[in-house]
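We begin with a single chain expressed as structure tokens, specifically the form predicted on its own.
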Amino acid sequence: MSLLICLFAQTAKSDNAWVTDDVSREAFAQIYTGVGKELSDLALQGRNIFRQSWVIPPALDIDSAGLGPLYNQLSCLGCHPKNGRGMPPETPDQMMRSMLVRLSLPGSNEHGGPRPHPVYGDQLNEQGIPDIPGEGRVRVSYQEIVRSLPDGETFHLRRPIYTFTDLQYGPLEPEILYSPRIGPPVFGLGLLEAVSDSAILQLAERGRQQGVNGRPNWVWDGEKQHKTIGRFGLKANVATLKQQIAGAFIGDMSITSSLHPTENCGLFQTVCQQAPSARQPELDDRQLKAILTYLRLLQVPAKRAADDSKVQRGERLFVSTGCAVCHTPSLQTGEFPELPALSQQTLHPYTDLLLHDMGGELADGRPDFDASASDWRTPPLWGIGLVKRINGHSTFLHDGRARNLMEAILWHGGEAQLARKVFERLTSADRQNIIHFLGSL
């Protein structure tokens, strides 16, 4: 906590309108306002939709009706608290609150994506409306392991173990593939969407020249009806922000939209299929556009403590250890006609939006289009130093197994193994300097 207080005290004003100097608990929810009243008003409508709790139909307020029949959460904020990062259960008895588990069977669907389970679909919905039981539960326990570094310092890591219980629609096959996912932060997504495909391909080529095999995930774009570069989702398995939003509404809350007009019920879940809908679709195009505008206009937290010597040395070490090859510090957006204010912006997300093999220890066993079981999209690091202040925890990685940034680094394997070993050979003070730097983002 002392580090964070120090960083907040040294906050400097930013000149970039897409960056916010806010470090309060609302820092991840600040809206860029340089787009005129009409779009600003639309974004505010989207914010209300993002924050509202959806209710079971029928309901007097038709704009908030449509929850279920099966679901994981009541609202977007349920998985993205304060627009930030979710966390896993700490004990087997705790329910998943801001985390879910994707499911599939070996093989691919007609578009090259995961093959959904015929009954449970592509994610386990733990909740159901009255008279329709949730699909089951996933209990999480942890195995403690010890990692010793060359200088003798030791760290305790925890490896998650998942157990499916209370399955209401029959047992899962032994070959079932599953992938636990923490709800990621949602700010800055408009800027990432405005990075051109050509820029992403250039980043892949630059990585190859530096000995790193990052590559885009070519995924099915349901609106364009062809494959394109994915950039959203923890495996970059979704092409556009609009499709990411609509996918989350149907997958997490079973709320239909023009992109997903059918309720989220499995092939043999007949009671679920017969449950009433609020309307068709339950999230209309006006609401979908509003929430898309809101997420596109969310600002990103400014870097802090630029004058701190530990932060400065940590930043240099972040580059020299090789971390910055994948966690690319700066990107430029291209032309973005859908929202011109996002065009030609310089951003500092610390991601290359590419898939990288992170090794067997972080593998989820579930391929997703071109992403193998061990591939993950480089997550943006902007705002990572504010997570504990805003979300009240400091768990990281796709399943929240890392309890702090040090543990997150020590889990890196695959293509990142060389950079991790360089990090491990640093002095304890320099390892902490990198943590100081990450805390300033």
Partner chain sequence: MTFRCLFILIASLTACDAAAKQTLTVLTAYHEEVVAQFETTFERDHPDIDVKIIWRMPHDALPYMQQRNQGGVDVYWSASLHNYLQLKQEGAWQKMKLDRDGLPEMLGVMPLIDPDGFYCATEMAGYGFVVNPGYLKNHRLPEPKTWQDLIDTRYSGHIALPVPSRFGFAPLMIDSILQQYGWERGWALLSELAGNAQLLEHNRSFITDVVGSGELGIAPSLDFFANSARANGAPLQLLYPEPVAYSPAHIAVTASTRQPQAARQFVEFILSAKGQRLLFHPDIRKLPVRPAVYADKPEGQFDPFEAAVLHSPVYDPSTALPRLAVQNALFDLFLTERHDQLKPVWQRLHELETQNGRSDEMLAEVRHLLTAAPISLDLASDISVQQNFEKRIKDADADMQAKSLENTWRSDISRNYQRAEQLLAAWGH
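Numbering follows the first chain given and starts at 1. Quick caveat: nothing in here was measured; it's all calculated off a predicted structure.
Same protein, other form: the form predicted together with its partner chain, not shown, and the subject of what follows.
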With a 4.5 Å heavy atom cut-off, would you call residue 162 a contact of its partner chain in the model of the complex? yes
Indicate whether residue 173 is a 4.5 Å heavy atom neighbour of its partner chain in the model of the complex. yes
Checklist entry - Does residue 94 reach its partner chain in the model of the complex, with heavy atoms at most 4.5 Å apart? => result yes
_is_contact(residue 54, its partner chain) in the model of the complex, heavy atom dist at most 4.5 Å_ = yes
Checking 204, 290, 77, 265 against its partner chain in the model of the complex, the residue with a non-hydrogen atom inside 4.5 angstroms turns out to be 77
Answer key, its partner chain contact in the model of the complex at 4.5 Å (heavy atoms) among 237, 73, 299, 254: the residue is 73
Assert contact_stretch over 302 to 310, 246 to 254, 204 to 212, 130 to 138 against its partner chain in the model of the complex, heavy atom within 4.5 Å, equals 130 to 138
When its partner chain is considered in the model of the complex, the residues of 406 to 441 having a heavy atom within 4.5 Å of it are none
